[in-house]
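Presented as structure tokens, the chain that follows is alone, the form predicted on its own.
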Amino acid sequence: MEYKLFINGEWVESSAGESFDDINPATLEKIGKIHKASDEDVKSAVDSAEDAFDSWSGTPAPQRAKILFRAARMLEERKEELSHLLTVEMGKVLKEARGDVQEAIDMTYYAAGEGRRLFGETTPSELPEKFCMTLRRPIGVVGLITPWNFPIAIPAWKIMPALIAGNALVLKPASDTPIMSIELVKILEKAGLPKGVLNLVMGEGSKVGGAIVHNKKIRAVSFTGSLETGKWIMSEAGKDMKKVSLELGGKNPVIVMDDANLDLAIDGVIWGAFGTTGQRCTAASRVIVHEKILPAFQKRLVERTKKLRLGNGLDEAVDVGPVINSSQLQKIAKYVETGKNEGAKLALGGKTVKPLPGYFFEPTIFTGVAPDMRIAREEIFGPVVSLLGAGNLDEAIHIANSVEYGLSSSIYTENIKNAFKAIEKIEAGITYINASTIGAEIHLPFGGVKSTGNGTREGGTTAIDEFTEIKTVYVDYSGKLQKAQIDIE
């Protein structure tokens, strides 16, 4: 099928006449021809959003919410269809694709509910006959740039709070998975979203994403992706004082203490490390195990991982699907070679899967990993997990905190003191107790510390913070000039 750009409420061809192919990573079959936006197309999309902003921001938020509620119901009705399409386009196994779509449903309902909240604050004035409050205002035209690993959930995480807050949007999805964003835009269009409020442009990040970042009419940019790109966006957007929200990845630790329920911990590590083929910013890529139980844990983990089945995610019996593309496959293979060269021991996997036609890589476990090795510090974004030993909780936390990222973290323990010490001391935006590093819920803040981002949070009420500005209002009904601070005796 051929997929066009969506600008000012119309599906239009690329003005440059350029396109690219969307590829199924499990079969390498072409599933779509995608129109590639030119600089002129991006400009038209931004101009359309600017034109639509006044009317949309002036629409009462509960009325905006009605459109989102309709969209949420449409997503529910099409959940199974969209899940199959997502597996075809991105590769994750069908049960995970259903979870991806469900996140989009949940966020759409949640953001719609915020249409009757959008809370500000009231507070007493220090002067008589004076009223003080804050209220939220939309930012204006907002650029959204999303990754390929959650091709409908993450666009929804950004689109829905931004819309309910009254912003007009330009969305650029990842080139590997644009069809899910296209389907989401179609649903919002059918739900009654006015023309120009949401515009969709496809193409490579360096060109199309760059045009969004550099357009002076865009007042904010929300980006999920790599650290290097995030740094570039912050630097470039700062030249125009744009508001920037960044979610940039992680190197997430699971700590397994000697009193842990090992069966539960192994379940969590396998899910965290190999769910979505390790292609999550919250993936459990480091497992820090108490030295007393490390040999037994390692043996059982390897035995369980050997049983994982690779293949096309449409097969309900498959546990692990493909990685997204050839370059990612090569990147993972290079990290495996790096790990071996650094002295880590390859306990399982480490190879591409030749008989299958797609981009498949074996679930891989490294043992004997030191904290300063690259495989223990850098985000691989594939089905590769490193096992590290620690003599006690303090050492485990020190290892957990020794990387530049700080997104998600986990500890398995039956000791409440261990759990609360981990909560207090681990440098991460998220900490799970007796659960893996993945599984964020949409009504809670999502994001991290250090190089994981720039302090913003998605999800929950903080999603509204991301897409609004705060205005402070003073109403003096005294009928006389009152000078704050000066008139206080």
Ligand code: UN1
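For clarity, every value in this text was computed on a predicted model and none was experimentally measured. Heads up: residue numbers just count along the shown sequence, starting at 1.
Form predicted in complex with this ligand: not shown, discussed below.
Engineer: Is residue 157 close to this ligand in the model of the complex, meaning a heavy atom pair under 4.5 Å apart or at it?
Structural biologist: Residue 157: yes, in contact with this ligand in the model of the complex.
Engineer: Please run the contact check for residue 150 against this ligand in the model of the complex: heavy atoms, 4.5 angstroms, yes or no?
Structural biologist: Taking the distances in the model of the complex, the answer for residue 150 is yes, it comes within 4.5 Å of this ligand.
Engineer: So in the model of the complex, does any heavy atom of residue 440 sit within 4.5 Å of this ligand?
Structural biologist: It does: once this ligand is placed as it appears in the model of the complex, residue 440 has a heavy atom within 4.5 Å of it.
Engineer: Since only the chain is shown here, I'm wondering whether residue 282 would be in contact with this ligand in the model of the complex (any heavy atom pair within 4.5 Å).
Structural biologist: Yes, residue 282 is a contact residue.
Engineer: Any idea which of 395 to 403, 200 to 208, 274 to 282, 236 to 244 reaches within 4.5 Å of this ligand in the model of the complex, heavy atoms considered?
Structural biologist: Going by heavy atoms within 4.5 Å, the stretch is 274 to 282.
Engineer: Looking at 96, 183, 114, 103 here, can you tell me which has any non-hydrogen atom within 4.5 angstroms of this ligand in the model of the complex?
Structural biologist: When this ligand is considered in the model of the complex, the option within 4.5 Å is 103.
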